[in-house]
Structure formats: structure tokens, C-alpha cells
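Taking the form predicted on its own, here's one chain by itself in C-alpha cells.
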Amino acid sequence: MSALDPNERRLTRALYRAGIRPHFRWRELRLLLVVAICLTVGWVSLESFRQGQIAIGDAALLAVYLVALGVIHVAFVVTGRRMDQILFPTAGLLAGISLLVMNRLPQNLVVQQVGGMELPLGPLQLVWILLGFSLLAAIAIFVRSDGWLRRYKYTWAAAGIALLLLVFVFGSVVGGARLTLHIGPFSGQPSELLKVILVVFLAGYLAENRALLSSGTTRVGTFTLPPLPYLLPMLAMWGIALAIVIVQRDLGAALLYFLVFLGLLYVATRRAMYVLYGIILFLVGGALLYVLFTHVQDRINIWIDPFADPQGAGYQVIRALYAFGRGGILGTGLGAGLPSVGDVPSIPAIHTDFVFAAIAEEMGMLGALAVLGLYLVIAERGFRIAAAAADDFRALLATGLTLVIVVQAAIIAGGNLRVLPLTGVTLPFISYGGSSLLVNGAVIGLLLALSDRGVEAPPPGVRPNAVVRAAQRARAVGGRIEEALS
């Protein structure tokens, strides 16, 4: 309380007597104001280009989104959460850029019936963003213990494998990859959820066996390895990554899972040789898959020379490169790019796989670098949370969750730029897709929960009223129930 000025102290006492235990988040509020200003300028720029004069147009989508960010901020303040104050505004700016881009692209790229209404791309993306951020807020506010994650790591692993098998058996093929699972009227990509499940399992397993894995006691020729029984989960991860490539034809998910695994393995053991062994195994497996499967050959050949088939397999990559070239350093401006020729998108998957190219065309190299910079901010905050964690499990969990977002962004940006083979992963918080937005919202929510330092103590001389005492008893009972379930 000593950091609060007298007015804030009086307000805090008044709120506490009313049953509210606030923790003012001034840095987060200031950053959210910057987010609101940036998105408003972007919206006005887009509408002004469309109408040929300075105009704001119908800003209902933007207004709803900014109000939602404000409501979540107030919820964090009122519930007294002392969490990281930079992650949420960063995710908010990324999702706001997504809203601008989806509103700018041809709206008939995606049209769905929701509650009797027909929603085109922009409004539909807003719905998914709001659902994802609602999940973010719920997890950040209500998740206080990690026991339900820590103690059931093998259950989570089994659930992840079962999910993978469901996709193998019942998944539908979209764009040449078996990624989508349909359950009644709902559909989604379980690979998005699987990446979080695997991080939970790996964090629990590596934290539990860190000492044994850090000491190489088994020699195979000149190689020093951990005890053989503890190698099985690592080999299983290698097998899962290759199986995903074979059955789902999803190079992006396989690369993401394996890179996150190698990152966590290095953080847990600090042995760079294990990472080297993993890279060698992955390259050997990839070479074998290249020889055996034509779809792997197609992806690699497109990456090496997309101009070999410019009107066919290499069309999307070539069009993305042209978009980067048109954008230059400063970009063409919002609304002044070439997302479509008539009713045909210039890049078929511009709202999913190639949204980074769309951003680079209209916001230029500087805009694209700014977007990548936001992911670096998430990386810095996530690793800071991991460094301050109370134990190995929380540290590894925060590291893995951070890597999920950052590595995924690097993979899709590299694919757009032809630095890496083109993959089917989404750009977190920006690409269209409900599964991706929900899961990434959950990831940021978990990171916020891991960064929490508990509810702030009441001001001196203020006795909790009946409402507060009842809430304290409810939290205590809930904590005991959660402990029993864990």
C-alpha cells in the first residue's frame, strides 16, 4: 500500500469495504490505451482509403473489441490479480491487428451461420477473438493451483494421444492435410489443443526426472545418453512428430512439437548435446520420409524452387513473395494492397497460412517487423515468468507455453518468406481460426496465472465485511476441493 498515493489509498479502502479487493494495474491500462489509439488510427486509415476521404465508417466491430479489452482489464483489477501487466495488452494488439486485416480482406472468404445470423469473415473473427479472450480472462482469474496439471501428466499425455488417434481415424482432409475433426455441428483442429497438452506432459516429466536426464550414464559408442528407460518418452516424441507428417501430412505441427520438445529438453538438462542428437534424429527421419512419401517431396520441392510450377504447386508461395515485394519498406497502406483480383484472392489462403504476407504488403517491412517484435515481447515476458517460477514444473510449463506461441510464429513467418518449407500452422492471434484463437487465449491465460503473486493484502485498519469474509471462506473451501481432486 505504501506505493499508492492518498487518493488511491482512500479508493482502495472504500472498494475493500464494499467487498472488492482491487489491485490497480496502471501499466496495463496505459498500454491498453496505446493499443486503442493504434487500432483506431488503423481503422480510420482503412476506412479513409475505402471512401476516398477522412472517415471512420462503421466502427462497431472495433468498438466492441475495445470495450471487451476494457472489461477484462477491469475484471483483473477488481479481482485483485497481481499478474504480469504486459502480456495481455500485447496479445490484445495482435488480435486487434487480426481484426483490422480480416475486416479488410474479402468478406466472402469465410461465411458461417451463427445463431440464425450469417457472419462473414470480419464479424466471425471478432466472435472467435472474444471467445478466446474470455477464456484467457477466466483462466487468469480463476486458476490458482497447478496441481491438476502437475499430478495428471500421464493422463494428459494419454488424452493427447487419443486426440491424435481420433484425427487419424475420423479427421477430414482440408488442403491436402488431415487436420480437422467434425463433431456434430462443430469442427476444429485438435492439433492446436494437442500442443498445449504435450507441453503440460513434458513439463511434468522433465521436472520429475531432471536430475537423471541431466546426468549421462549410458554410453553408445562415443555418445553419452541418460538412462535408457528415460529415453523412451523422448523417442516417443520423435515418433509422434514423424507420425503427424505421415498421417496428417502436417509438417508445421510436427516441426512445432519437436522444436518445443527440444527447447524444453535443453532448459531442463542444460545439455546441448541432447538437442544436437534430437536434430540429427529429426533430419534422418525427415530424409527417410522424403524418400518414402510424395507429399513430403512436394513440400520440400516447392520450398527449393516454387517457380518450377508457378501456376500450380508453387503459386501461393510466388504470390506471397510478390506481396512482400509490393509492400517494400513502408507498405502500400491499409486497403491499398492486392488481396484479391476481382472475387479471386491473390493468395488462396491469405486469411490463414499467408496472413503475414498480407500484413507485409500493406504495412511494409516495418509493419511486419513490428508484428514480429510483439512476439518477441511475449517471449521476453514468458521467459521472465519462467525465471521467477517457484519450482521446476512451473518454470518448464511457462517456458513451453511461451515456446508454443513464439516458435509457431517463427515457423509461419519463415514459411511465408520462403526461409522454411511452407507449413499449415497459423500465425498466433492473427490468422483466422477458432481453434487457434481459443488455444492461444488459454496459453496467455495460463502464463498470466503462473505470473500471479496472489491477492493483495487489505489496507491497514480495514476489517473485511461479510461479503469479503464469505468470499475468503469460499476460496478456502474451493482450494481444499481442488487439492483433493489433484
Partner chain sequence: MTGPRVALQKLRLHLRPRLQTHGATPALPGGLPSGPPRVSRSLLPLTLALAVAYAALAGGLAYWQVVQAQALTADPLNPLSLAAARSAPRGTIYDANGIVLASNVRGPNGERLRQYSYTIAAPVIGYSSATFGTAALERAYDAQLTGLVSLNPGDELLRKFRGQPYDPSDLHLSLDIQLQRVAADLLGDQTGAIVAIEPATGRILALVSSPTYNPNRVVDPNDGRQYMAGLQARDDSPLLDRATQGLYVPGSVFKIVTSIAALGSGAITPQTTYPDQPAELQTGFLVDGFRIHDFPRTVQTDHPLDYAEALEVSSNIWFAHAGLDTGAQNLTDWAARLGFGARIPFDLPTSPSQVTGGNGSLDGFQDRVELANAAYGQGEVLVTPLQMALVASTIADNGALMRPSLVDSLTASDGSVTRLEPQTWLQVCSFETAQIIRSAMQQAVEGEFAVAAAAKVPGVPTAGKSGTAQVGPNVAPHSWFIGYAPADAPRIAVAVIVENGGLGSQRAVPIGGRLMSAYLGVLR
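Numbering follows the first chain given and starts at 1. Given the structure is predicted, the values throughout are model-derived calculations rather than measurements.
This protein has a second form, the form predicted in complex with its partner chain, left out of what is shown; the following refers to that one.
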Using heavy atoms and a 4.5 Å limit, would one call P120 a contact residue for its partner chain in the predicted bound form? no
My question is simply whether G312 lines the interface with its partner chain in the predicted bound form - judged by any non-hydrogen atom within 4.5 Å. no
Are any of the heavy atoms in H351 no more than 4.5 Å from a heavy atom of its partner chain in the predicted bound form? no
Whether V74 contacts its partner chain in the predicted bound form should be assessed with a 4.5 Å heavy atom distance threshold; does it? no
Its partner chain isn't shown here, but in the predicted bound form which of V267, L289, I139, A157 has a heavy atom within 4.5 Å of it? V267
May I ask you to choose, among V284, L131, V114, I329, the residue with a heavy atom within 4.5 Å of its partner chain in the predicted bound form? I329
Counting only heavy atoms and a 4.5 Å cut-off, does its partner chain in the predicted bound form sit next to every one of A360, Y375 and E380? yes
Within 4.5 Å of its partner chain in the predicted bound form, heavy atom basis, the matching stretch of 103-111, 391-399, 290-298, 121-129 is 391-399
